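Have a look below at one chain only, the form predicted alone, in structure tokens format.
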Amino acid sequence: MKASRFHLITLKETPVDAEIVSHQLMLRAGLIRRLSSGIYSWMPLGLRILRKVETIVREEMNRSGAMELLMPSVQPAELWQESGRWDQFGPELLRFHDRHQRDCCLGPTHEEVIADIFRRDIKSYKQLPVNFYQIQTKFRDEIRPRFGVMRSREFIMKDAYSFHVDQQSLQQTYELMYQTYSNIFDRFGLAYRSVNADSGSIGGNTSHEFHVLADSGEDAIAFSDQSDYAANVEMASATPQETRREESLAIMETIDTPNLRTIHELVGTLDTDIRKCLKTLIVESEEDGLVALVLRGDHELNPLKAEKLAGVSCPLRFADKDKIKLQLDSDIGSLGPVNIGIPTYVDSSAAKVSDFICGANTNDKHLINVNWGRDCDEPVAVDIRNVVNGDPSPDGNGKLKILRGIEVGHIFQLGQRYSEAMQATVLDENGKSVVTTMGCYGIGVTRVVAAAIEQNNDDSGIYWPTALAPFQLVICPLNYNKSPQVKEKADQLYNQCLQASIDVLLDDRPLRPGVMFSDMELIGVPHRIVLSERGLKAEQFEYKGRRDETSQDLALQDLSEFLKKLFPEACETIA
């Protein structure tokens, strides 16, 4: 491709409405253009990258034995009503009427459609297992789309759906998909982690997320420093760092704490260790009552863990302050586990603390030197907090570290949630109708592009992994339109690269070298060769890798061998 014939529009200034690096650089590099809130056009340069992501995904999915199809974006309401999600999905589901006033939606996902295809076409267990996938545009009407294509309303996704006669078959395909996803992300050339995860609104019991590691990631993931253990912080089991509770003979006392309502206010005023302060959170019970949850002051409640406790409302709901005042005769900030009078769960780390400080269940008063089993009942110790750096790894090997990640892939064992609701059945070996078991496997194709940029950028712009780069090599001929020698050598090299199937860009635009180089660094081409009259006279060319600090001058006679080393897959066709 010659740059003079390519639609390459770059921006010097960062758009003011772009909040994160990937959004800023995608706009500046001309990868995308905003059409409306959360909806973007993919420009020629961005589409080249998008197609490379799709190609890798498609090749690995095909290698796994999955079969590609393409399902409609527009879906009839009847299918969603069958599954029960028409009313459950919420306002993210864009609903509309066609000209005959029939209810329809723009598909945010395709479980219902694939189940309908399955029940029409597949009748026998002998046709199983089967795994269908598509690469398709989705639409979710986000209330606040942001971060460019990272959280947009319209996006491209690879979604796959497998059907099985039993759980054992599903497990086999699930493990195959796990390995397939690992192969895909390995080929992307991105640093990533696969983690145990919550299945969320899709449903199912077992799931794993695939996260591209980046400081800007919305998700926190925990991993062991000595093993392969990794999990979303929401799912990671929290083990106390302390192995036992220290004994104490200190006497419990009541102290005045006027206007101290938060842990940090308490710690600052009393000049004490936050780990010695326990906070009591009040949530709704299943029977419209109250439940107390007690944690150490430096720990955060994990709502997913808490809502699984017996008697606690699901989804978790924090109690209204007026209800708390009415039933407990105290305001939030002055509550504690001593004689609180409602069911109480204590986090396992808080249960290890002795001589702790807590609310006295009287406004503007706290208790000090409180001890479990003496001043209040021995706690019902449970895991209700998020893990933190330094916690023991749940698998017993090493300690946990916390990193930020961007979720770009998610695989689920759906079970029979959709197949049962939509009668996706087959006849088993005895001629009996059985409900199939489903798996679901998704990759955010457009999100992969943004996540790659979040992980691979510097002050000059993007530096793509080779597999995702819009071009592998750029030839920058100085004075291309003025110097016959430069033009001849540049054209010769360009044609040589094309014949070798190297993805090459010839920057033949009449630009100053600095502008030309800045553009190529911004869009992230991994390799750059510069040809100039001075260099040709010295029988040299200049090379610079995108992440190299300086360029190097190399002998022109070695250019072919140099290209073979850069692109070994093209060795046979490079003269």
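Just count from 1 along the sequence shown to find any residue number. Computed from a predicted model, the values in this text were never measured in an experiment.
Another form, the form predicted in complex with a small molecule, is not on view; read the next lines as being about it.
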Candidate spot D225, P394 and R404, all three touching the small molecule in the predicted bound form (heavy atom, 4.5 Å): no
The small molecule contact at G107 in the predicted bound form, heavy atom, 4.5 Å: no
Close approach of Y345 to the small molecule in the predicted bound form, 4.5 Å, heavy atom: no
K276 within 4.5 Å of the small molecule in the predicted bound form, heavy atoms: no
In the predicted bound form, D375 touching the small molecule (heavy atom, 4.5 Å): no
Listed residue that, although the small molecule is not shown, lies within 4.5 Å of it in the predicted bound form (heavy atoms), from K365, K352, R193, R151: R151
Contact assignment for the small molecule in the predicted bound form, among G461, G336, P477, G409, heavy atom within 4.5 Å: G409
Answer range among 444 to 452, 466 to 474, 243 to 251, 311 to 319 for contact with the small molecule, defined in the predicted bound form as heavy atoms within 4.5 Å: 444 to 452
